[in-house]
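Shown here is one chain on its own, the form predicted on its own, set out as structure tokens.
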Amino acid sequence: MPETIELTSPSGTVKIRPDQKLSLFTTFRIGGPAQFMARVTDESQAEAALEWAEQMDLPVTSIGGGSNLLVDDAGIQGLVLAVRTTGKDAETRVRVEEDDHQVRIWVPAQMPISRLGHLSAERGWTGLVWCAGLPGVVGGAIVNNAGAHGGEMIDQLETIDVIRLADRKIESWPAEKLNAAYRYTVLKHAPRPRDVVVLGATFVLPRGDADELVKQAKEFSAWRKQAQPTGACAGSVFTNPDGSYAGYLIDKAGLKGTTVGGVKISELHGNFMVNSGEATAEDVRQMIALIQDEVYRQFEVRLVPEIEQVGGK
């Protein structure tokens, strides 16, 4: 087994670790090993890791907070780049430009999305309070065009900063380049491994009343804790079909509480699967197929997975 490799970058050492369990880096707690893995906290560390991967002729797969993600039981070949840090550290890197009517903020991709929601509320910035309580980080939320309570990432997004894997060149993309729609961007549906990694994003936010926004953020967080399961899960498994809700259809189909191997459909919310601690990616795939077949049989609605599947030999 090769030993940990240490790289230098302007912001500190980057450790390339072999044979890392990806189940420890996803909210589903499912997934085989990464051939190599690097956890990076900023642009310079990402560049160092990407340069190493290029020298080793390895493909690169980037992950953020690990929500909305199903890693194959066989793991991921090449280098897995975990773009994440603590909320406190990410917050120190937020850049703000203000005037009387709005603020323009740059946020690192590693920023926990829930902290961004609470921070914007505390500062009296509208447009992102719906993020409060969501799992994951800003980079992954942008790739998935995450949303809740009537808001989506694209609504206030102005630009994103990405680094190209081919030459490690950093580019700024206008939000329009994502072609964002409901739980869709061109990045989410690009073949893995993708050719860019999201480094940060700029949002334009109108001013609002901080007290009212903080109240909303607390309400959204409390609702999420009451209405959705905690523990090892990936978030919503299916997108909502036109005119209905995936969780409602799964409930009406009588599937709540159904188990396949180590995975169970939550009895609290039908669009969530919970890992008992022994679930495999294959269990989840079988459960997805079971739900799709039964909901279609009863309602002639074909549910589309929102969860992203990565890895495999």
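Bear in mind that the values here come from a model prediction, so they are computed numbers and not experimental data. Numbers for residues come from their place in the sequence shown, where the first is 1.
The discussion below concerns the form predicted together with a small molecule, not included here.
**Q** Is the small molecule in the model of the complex near all of A141, G147 and R194, within 4.5 Å of a heavy atom of each?
**A** Yes: each residue has a heavy atom within 4.5 Å of the partner.
**Q** Taking 4.5 Å between heavy atoms as the contact cutoff, choose which of P135, G75, G78, G208 touches the small molecule in the model of the complex.
**A** Of the candidates P135, G75, G78, G208, P135 is the one lying within 4.5 Å of the small molecule in the model of the complex.
**Q** Which of these residues, A279, I265, A46, I63, gets a heavy atom within 4.5 Å of the small molecule in the model of the complex?
**A** Contact residue from the list: I63.
**Q** My question is simply whether F36 lines the interface with the small molecule in the model of the complex - judged by any non-hydrogen atom within 4.5 Å.
**A** No, F36 stays farther than 4.5 Å from the small molecule in the model of the complex.
**Q** Within a 4.5 Å heavy atom cut-off, is C233 in contact with the small molecule in the model of the complex?
**A** Residue-level check for C233: yes, a contact with the small molecule.
**Q** How about A121: is it within 4.5 Å of the small molecule in the model of the complex, going by heavy atoms?
**A** A121 lies outside the contact set for the small molecule.
**Q** Please determine whether V198 contacts the small molecule in the model of the complex, using a 4.5 Å cut-off between heavy atoms.
**A** V198: yes, in contact with the small molecule in the model of the complex.
**Q** Using a 4.5 Å heavy atom cut-off, which stretch among 121 to 129, 239 to 247, 89 to 97, 222 to 230 contacts the small molecule in the model of the complex?
**A** It is the stretch 222 to 230.
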